[in-house]
Every structure is written in C-alpha cells, then in structure tokens.
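So this first bit is one chain, no partners, the form predicted on its own, shown in structure tokens.
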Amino acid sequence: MNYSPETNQRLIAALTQQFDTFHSDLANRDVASKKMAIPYEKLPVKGIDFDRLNEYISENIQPNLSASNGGRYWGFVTGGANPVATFADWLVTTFNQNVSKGGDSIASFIEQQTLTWLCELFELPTSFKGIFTTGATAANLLAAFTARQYAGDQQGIDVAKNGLKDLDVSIFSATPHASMIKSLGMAGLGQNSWQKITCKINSEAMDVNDLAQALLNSKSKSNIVIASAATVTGTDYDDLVAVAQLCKKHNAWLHVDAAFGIFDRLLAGKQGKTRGIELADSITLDCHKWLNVPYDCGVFLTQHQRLLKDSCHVDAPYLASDNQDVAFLSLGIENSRRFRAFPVWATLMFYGKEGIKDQINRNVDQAKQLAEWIDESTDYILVKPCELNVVLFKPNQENLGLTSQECMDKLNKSGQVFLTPGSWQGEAIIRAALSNWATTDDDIKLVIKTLSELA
C-alpha cells in the first residue's frame, strides 16, 4: 500500500470508524475482556487486503480489548488517554520523528521544553534535567545506572566503561516498587541487593531512625537510598526532608520514585507530602498514569546530568552532531526514540496547570466517595483510610463468605469494574486506583451498586 491522497482517505476513514466504535462503546462493554485469544491463523504468505484487515480487527481484536480507557478500569494505577493527548499521539505516528538528537527537527526542542514545563508544573528546581522514557521501569533503570555511576565516581571507578567488579555499595529502601527491584537486577546490582528499612507502624513509609542507623552502620564505600513519594499500595510518603538530610550527611545518593505520588504537589504545594523531593538526586515520574497520556510515557529527572551521560553515552561517527545540547541518545536507553514527549506537551498546552489540577482533584474526591461508602458498609471493610486516589478494602467474610481474591474475581467478571489485588500488613486485599480523567461520579455510583448487588 503506497501513500496517496486516496490511500490517506481510506486510512483516515478506517481510523475514524475504529475510534468511534471503540469509544462510543466504552461505557457499555465489559471493563475486562472475557476472551483472551483469537482463532489461530497461519502467517499470511501474500498478505490480505486492507479492507479485510480492518474488518478482521473490528471483529476479532477490538471487541476483546479491555476498557482501560474508560472510567471504571481501576486496576494498577492506570490513566486514560485524554482527547488532546490521543490526537497528539496520532500526530506522533504521522510525523514519525526520531528524537535521538537535535539538528534536523524541532522535536528535540519540544522534548526539552516539555521537561522544563514538567519541572514548572511540579515546582522543581531547573537544575533537574532528564529524558522521556518508555515508562517508570525504564526511568528507574536509568536511576540505577546513574546512582551506580555516582558510587563509582566516589571510588574512582568508571562503572559504565569498566563494570561493577570492584564496586562496593549498599542500597537501602523500605517499600521499593517492583519495577525498582527489577531495575536493580538489570543494572547488575542485583534484585536481592537492597537492605530492608523498617516501616512506620501501619504504614509503608520508612522509619527514618532505622535508616539513620543503617547508614551509620554501613561498611560500604558508597550508599544509595531509594525513597517513595506514594507507595504503590498504601500511597504512603517517606519523609523526604529527613531522608535527604541523612543522605547528605553520609554522601549517599537519593532516588525518589514519585511515579504518580508527585501529583499531590498540585494539590498541597511544595509543603505537602512531597516536601523535600526537590532535594533528591533523581526522580522517576510516569505520565501515562495521572497525566493521562497514551502508553508508553515515563520521565527520568536528575540533578547530575553528567553522571547520566557518563552512564549512557557511547561514541560512534554516525552519531556525531553539531548541536550543542546533550543528545537524548546519550541520556537514555534507546538510540532511536519515539516522539513520546509530544502528547505531554499538547496536554500541558491545552489543559494548563489548573486543568490538570482540577482532574486530579476529581479523582481524589471520587476515591473518597468510594472509601466512605465502603467504610459505612457492613459487607466490606476499609483496610486503610484513603489518603489520595487509592482505596484499599476487603470483603467482610462473616457476611459474604468470600476471600479477597474470590470477591475481586466476581467483581471483575461482572464487567462493571476492573480491580487488582494488593497486600496490606501481610493480608490479601483489593485495591482500587482512580487515576483516569474519564471517571465520573456516575461510575462511582455504578461500582457501588455492583458491590451492593454482590453482597
């Protein structure tokens, strides 16, 4: 199929039809698909006609996708794709820019501008520089690379060039996200290398006194601390001011995983739960969560761009450029990079800080509505007060005779909502995370009705 005015019209018409069908049906379709496979077919030898391809997608693929872009997909921490970001993402594919370095396109400038705007949005110092990534996992991997390089600098080792063999480092954390543990493994530091810091009572936040003792007792030449701005289950925040002071005292690297918790900064300002995040050496953000842009889109920020570059840069004649800015290919994992900053840029342009703040407030209020109903119910138990946008609950087994897993399975099979499990204080629970711009108060009422009917 060659591009031509006629071909373009066919593509646009098919895209419009697919978009209209999918989005017009979001409110009525099952939130989680009940069919997970399509009939097996061999790889086509000659290929099929475009109209047949579009028909096959309409009949076999689209009906079996989740309604994750709808208002009642409350699993994980999943944002929707807002309309402006969706439009911008179409343009990303249309423009097909490779944002590896500057010199041939305005795309690199747009990415730099968007990173600056994100720092303005969250009131972070301009000393933070960074890069758009495929998500929080890639951002946490860059954090592990950069912290590793920092430790190497302290010990006279260029880890990126010479490896980890002689590196002596200890890593401390209380409740690291699974993606951070995964990243430690991929960075060669080891998934089991981190040392557990005691949590506060009935919280996933670290006990700062225990961290102080751990750093004091550390025999390693270098130390890395991984803190959380909203843990994935309890949405608990570490005391970042106190943690940063300890890291400064012991010359330890401080990384803060703030994938969605940093959005509290829009509600409470710099003196809220994220107070002290501006003191971090590096931060992970996730735009395809609460900023509601399409997958995949994360951000890594650091106040030590040189160490990030030292971790990722490699010389090659074909990569040379006259551009004076540090090329993005020298700051991240990929050399070839999609223009994923553009939907974020468009979202910030269109909605502005106040529009994004309003959407965050709506989700927080909706989560509180759900939590209040659960707390008053005799059939369900609110496990922990709702402090942001995540509601932790379980069935009252005496009344319902269901375990948390059984209850969640029944709710998900209803098609009215999708929830994912969690663990709180060693007990299996159900976790509802509301981070979608499309969630309405009617969605809350419908899920409450579903909970009531199950009871």
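Residues carry their position along the shown sequence, with the first being 1. A quick note: this is a predicted structure, and the numbers were derived from the prediction, not measured.
If you look for the form predicted together with a small molecule, you will not find it shown, but the lines that follow are about it.
**Q** Is it the case in the predicted complex that Leu266, Ile360 and Asn389 each bring at least one heavy atom within 4.5 Å of the small molecule?
**A** No, the whole trio is out of contact, none within 4.5 Å by any heavy atom.
**Q** Might Phe260 be said to contact the small molecule in the predicted complex, defining contact as any heavy atom within 4.5 Å?
**A** Contact with the small molecule, yes.
**Q** Wondering, does Asn82 line up within 4.5 Å of the small molecule in the predicted complex on heavy atoms?
**A** Asn82: no contact with the small molecule in the predicted complex.
**Q** If we define contact as a non-hydrogen atom of the residue within 4.5 angstroms of the partner, is Arg72 a contact of the small molecule in the predicted complex?
**A** No, Arg72 sits far enough from the small molecule in the predicted complex that none of its heavy atoms falls within 4.5 Å.
**Q** Indicate whether His177 is a 4.5 Å heavy atom neighbour of the small molecule in the predicted complex.
**A** Yes, contact at 4.5 Å.
**Q** Using a 4.5 Å heavy atom cut-off, which of 153-161, 236-244, 93-101, 135-143 contacts the small molecule in the predicted complex?
**A** Selected range: 135-143.
**Q** Which of Ala230, Val293, Leu211, Ala341 has a heavy atom within 4.5 Å of the small molecule in the predicted complex?
**A** That would be Ala230.
**Q** Under a 4.5 angstroms heavy atom criterion, identify the one residue in Lys273, Arg337, Lys129, Lys289 near the small molecule in the predicted complex.
**A** That would be Lys289.
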